[in-house]
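We begin with a single chain expressed as structure tokens, specifically the form predicted on its own.
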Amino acid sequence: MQWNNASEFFAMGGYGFYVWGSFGLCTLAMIAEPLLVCQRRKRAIKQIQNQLN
């Protein structure tokens, strides 16, 4: 597929909303997952420390 300008590239032949929305959701998940894992880890460590005291 060839695009003549940037707007055609971003439109993706009429599927731009689906394509860019999918990329956006994937990026959001890839950023959120490590943050949530770190948060759960800290909570688990704190809970274990409270049980040991």
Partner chain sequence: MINWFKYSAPSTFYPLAGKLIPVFWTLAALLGAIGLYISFFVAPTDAQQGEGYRIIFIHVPASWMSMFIYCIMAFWSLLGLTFNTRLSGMMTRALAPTGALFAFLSLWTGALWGKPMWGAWWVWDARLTSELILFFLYIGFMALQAAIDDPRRADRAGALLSLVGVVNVPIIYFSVKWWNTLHQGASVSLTKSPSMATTMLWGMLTMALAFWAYTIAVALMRARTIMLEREGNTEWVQHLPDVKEAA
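None of these values were measured; they are calculated from a predicted model. Numbering follows the first chain given and starts at 1.
Keep in mind that the form predicted in complex with its partner chain is not shown, yet the notes after this line are about it.
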*4.5 Å heavy atom contact, Q2 to its partner chain in the model of the complex*: yes
*Can you check whether Q49 is within 4.5 Å of its partner chain in the model of the complex, heavy atom basis?*
yes
*Just give me the residues of 17 to 38, first to last, that have a heavy atom within 4.5 Å of its partner chain in the model of the complex.*
F17, Y18, V19, W20, G21, S22, F23, L25, C26, A29, M30, E33, P34, V37, C38
